[in-house]
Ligand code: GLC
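Have a look below at one chain only, the form predicted alone, in structure tokens format.
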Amino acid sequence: MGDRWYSEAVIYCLDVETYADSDGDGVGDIRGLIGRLDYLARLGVTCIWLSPIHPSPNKDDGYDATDFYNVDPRLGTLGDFAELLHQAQNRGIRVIIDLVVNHTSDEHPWFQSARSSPDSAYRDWYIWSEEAPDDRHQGMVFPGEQNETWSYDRTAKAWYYHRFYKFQPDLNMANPKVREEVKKIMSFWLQLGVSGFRMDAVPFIIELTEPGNPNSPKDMEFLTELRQHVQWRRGDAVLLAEANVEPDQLPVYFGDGSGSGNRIHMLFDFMLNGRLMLALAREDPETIIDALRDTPKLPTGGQWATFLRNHDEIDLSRLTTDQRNDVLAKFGPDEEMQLYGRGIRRRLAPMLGNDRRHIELAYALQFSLRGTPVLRYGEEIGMGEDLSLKGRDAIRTPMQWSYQPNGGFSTAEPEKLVRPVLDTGEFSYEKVNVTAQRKDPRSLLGWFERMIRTLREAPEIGSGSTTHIDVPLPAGVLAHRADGPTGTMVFLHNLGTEDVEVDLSTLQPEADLPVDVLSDRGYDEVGKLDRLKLAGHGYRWIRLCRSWSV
């Protein structure tokens, strides 16, 4: 792939500590991940996104770093990481890592120095106020778990700002030295060989916090600086940003309006995610049609990252109250399934009642929509969640590899595991694991492999344009198309449960021996596109025409 490799990638999101344990200490590690690269290559993954790998007290699952230039000893060494990059490259897999630079741990040497004295060289690396700011009870990211964004430090004799937990003081991005340090951190990992960064909390990184001002200004030009810096260091490196902001703000994260993307390469599509969940809950595609229609025009090189599940809760905050209630009623009816009153802390398989047809439909839909698909580890085998764990940890349980104790994740005693393995119910490792599904060609894992291989043959999805096909359709059916230099794909997805027949004969003049390339069952030949049968929760990916000029 060329410099825009990310537009045709399949990104796989995993936590090293819960993926594979090579040394039996109960914690997943880099060597364990290296041992599973062949599995990921067979699945069809082309890029691995690693959750935080830096040394950390682990009060927030690694999002509280104490050293940005090293690997947490629990996970391995820098040498192990270099070997991971080499072995992944041998299999055509890129690696991107979490860049968590909005804040540090309060145990980071920078903060320990900063709080020790007003004369510390690091004092101005953080955000301080002599008086208690008026807005200190506003803007909490985790309502219910936080009650303020400014905390008093007795050693410093001042208040410090923390958009997240109090043990995560925010760095002061108004300080040029902090900005240069962020660039040095990026340079270090790019030099080692990573292909880019998933940037955490981007709207807060660019916030120039002013005590007492809940609407502090944002410096979008810092994103331009980071993009330029990254591109000079490694021309094909990518920035994938988490920016859950209002729709009209999204374009400015991609670029400055000049037409060429000069800021973030990729943004997670939170608007589409919420509407996807609503469409699945209501069995009605209208909100997806709205999302396709309302998608801001992206600058050259800009790309969406689509997802159904990621490492956090399903965030429904962009939906209306009625819409959010519909999704919660369907997929998270119990309070223990919800988080912060705005999201769902479950995996997809249990949300969909472990209904194989419904799961296939959901992922066939996600992977066929515009953008680059992101897949959470364990989703490819239909793993469940552990609601007895706190918060987001419910979907961060160890990968289930086999029938062996601890699901083949680790040889440690169960009480030593970083997190318990699911060992009861229909999602226990004895019922849901890679080994069992590897033996069964009809398994969900086998289906994911086929679906991703099919995606590889349809570059129009990632690098072309995606539009709704506006023709009369049966209730519950979504028809959309992807057009690119390599040709045209047409997609039918039935969110409802009734079998239907679809007429797309208006597309016949464009067709060149149209054929199903992926479907939920064997259907009659496509023919003239006028009598396309579609089962309840069924889907059909149809190659309408191919361009031979590319």
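Predicted model only: the values in this text are computed from it and were never measured. Note that residue numbering follows the sequence shown and begins at 1.
Keep in mind that the form predicted together with this ligand is missing from the display, and what follows is about it.
- In the modelled overlay, this ligand taken from its pose in the predicted complex makes no contact closer than 2.4 Å with any backbone or C-beta atom of this form, which marks the pocket as open.
- Note on the interface: of 60-68, 488-496, 37-45, 502-510, the segment with non-hydrogen atoms within 4.5 angstroms of this ligand in the predicted complex is 60-68.
- Interface residue remark: residue 164 is counted as part of the site for this ligand in the predicted complex, having a heavy atom within 4.5 Å.
- In the predicted complex, this ligand lies within 4.5 Å of some heavy atom of residue 100.
- Heavy atoms of residue 200 reach within 4.5 Å of this ligand in the predicted complex, making it an interface residue.
- This ligand is not drawn, but in the predicted complex it has no heavy atom within 4.5 Å of residue 403.
- Contact annotation: of the candidates 392, 318, 330, 179, the single residue with a non-hydrogen atom within 4.5 angstroms of this ligand in the predicted complex is 392.
- When this ligand is considered in the predicted complex, only one residue from 183, 234, 438, 311 comes within 4.5 Å through any heavy atom, namely 311.
- In the predicted complex, just one residue of 122-158 lies within 4.5 Å of this ligand by at least one heavy atom: 142.
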